[in-house]
Structure formats: structure tokens, C-alpha cells
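Read the single chain below, which is given as C-alpha cells and is the form predicted alone.
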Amino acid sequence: MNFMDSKQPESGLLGPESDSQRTLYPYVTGTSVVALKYKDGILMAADMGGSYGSTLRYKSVERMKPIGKHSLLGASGEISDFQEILRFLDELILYDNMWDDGNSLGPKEVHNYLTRVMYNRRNKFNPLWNSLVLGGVKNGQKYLGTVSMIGVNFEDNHVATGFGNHLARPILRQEWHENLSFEDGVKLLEKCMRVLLYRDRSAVNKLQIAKITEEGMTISQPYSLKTHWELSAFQNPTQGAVGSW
């Protein structure tokens, strides 16, 4: 009998959905997103690296997107799942606009929607492999929140995902204050991103900073930070290490 010619039954134990596959393991991922409230609105920063496993394969991945009129979304984690989330949000904003009632979804409503989406997918054991940051301004009220891939969420004056949660948040806790100017807020974010560049192997020195206020939102052109690699530990990292060359 030629096993290559034998036909398998179309309906097996897995049913007709067996050919439909989802992201069960992250492949192309982005690293930290850092955001904070400043005097006039919200500032958010993310680099543009996309890692294929442990290889920094892509250097121009945009991970911050405007959502409707009042919100800005940043994501770390699986890039394809982030694109799926953006598709969900496009449908949500379109449906909201179809009412044409003079109202529009604010950042709090979008954040609540994202928490439900992430928790729903977690309960199906088919999570979206992202940590999200959602910030915005509506009616003079600044809003900043985050949600993890299993639906854990909170609001704060500054948030970070990935390694930023460990390396950037201590800096933000020490230096953030309510009356930060735009210039000081950008400097603070750049300080956090520089620390992440030095310490996070998935970070790349090409970043964007986004600003959202009552007047609207802007996302900067990509740029690089000034760095200093002349420290002796950087020049000869294996000196004195046991078993090194």
C-alpha cells in the first residue's frame, strides 16, 4: 500500500477547524514601551526593533499607533498579534463613528475594551502575546493605563512594559512629577530608553516619541540617541571571566 496516496478523513478528532492556526508562540517581537503623563498630555516612547527569536532582524517596526481622536496605543510583544489588535480597534472606531452622534470613544473606554479582549483570549488559552500601553486626553482629562497578555491592567502616572518595567520604572518613580514640561518629559523618556539600550539585548538605537494632547497627536520621525561605549567593561567584557579566551 502506498501511504502517500492514502487519504485521511476530512473530519477527525480536531474537527473542521484543525487547519486554522493561530500564534501559539511569539516569533517577531518588539521590546519595551515607556509612557508618562506630563503637564499638557501624554508622552510615549518605543524603539523600532523587531526581534526574530534572539536576532534583531527588523529595524523599522512602528509600535505606536493613534486610535480614534483621543487615544494612542503602544505595544511590545508579537508584532502580528499587535496588527490583529489594531484590526479589532479599527472596527471598534468605525462602529463608533457610524453612530454620528457627536461623541467619540475616549482613552478610558478603549483601555477597558482592550482589557476585555486580552482577558477573553487568555480564557480561550489562545492569548494575544502583547503588553499594551494606552494613553490619551479627552475633555481635559489625561489617562494612561496598561494591560498585559492575560488581562492584568492598571492606571498610573507612568507605565512601562517588558524590561522597562524593571529598569525604567525606578527612574520614573524618582524623577517624575505632575508639572513636567514637554522638554523635560522627552529628556526623561530618553534617559529611560538609553538605559534600556545599554541593558536590553533586544533594544535598538532607533526610536520614536509620540505626544498626545487635547489638540491632537504627533509621532516623531525616528532618531538615535547619543551613546557612550568607551567604558572598559564594554571594551573587554570577558576580562577576568573564568573560562574566557
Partner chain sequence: MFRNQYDTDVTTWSPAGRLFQVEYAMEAVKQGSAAIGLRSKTHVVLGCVNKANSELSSHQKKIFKVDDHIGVAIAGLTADGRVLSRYMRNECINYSFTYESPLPVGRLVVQLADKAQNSVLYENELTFKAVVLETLIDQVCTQRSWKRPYGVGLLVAGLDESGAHLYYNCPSGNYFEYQAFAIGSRSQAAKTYLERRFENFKDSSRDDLVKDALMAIRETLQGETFKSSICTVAVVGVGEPFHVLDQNTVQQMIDAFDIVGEQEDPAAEPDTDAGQDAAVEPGAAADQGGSTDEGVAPMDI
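Residue numbers count along the first chain shown, from 1. As the structure is a computational prediction, the values presented were derived from the model and not from experiment.
Separately, the form predicted together with the partner chain exists; it is not shown, and the next lines address it.
- Contact check for residue 174: no non-hydrogen atom falls within 4.5 Å of the partner chain in the predicted complex.
- Among heavy atoms of residue 105, some come within 4.5 Å of the partner chain in the predicted complex.
- Of the heavy atoms in residue 116, some are within 4.5 Å of the partner chain in the predicted complex.
- Taking the partner from the other structure, the partner chain in the predicted complex has no heavy atom within 4.5 Å of any heavy atom of residue 81.
- Contact with the partner chain in the predicted complex holds for none of 200, 203 and 236, as no heavy atom of theirs lies within 4.5 Å.
- Distance criterion of 4.5 Å from any heavy atom to the partner chain in the predicted complex singles out 92 from the list 167, 149, 85, 92.
- This chain is drawn without the partner chain; in the predicted complex, the residue among 141, 157, 126, 112 with a heavy atom within 4.5 Å of it is 112.
- Annotated contact segment (heavy atom within 4.5 Å of the partner chain in the predicted complex): 96-104, selected among 71-79, 96-104, 129-137, 159-167.
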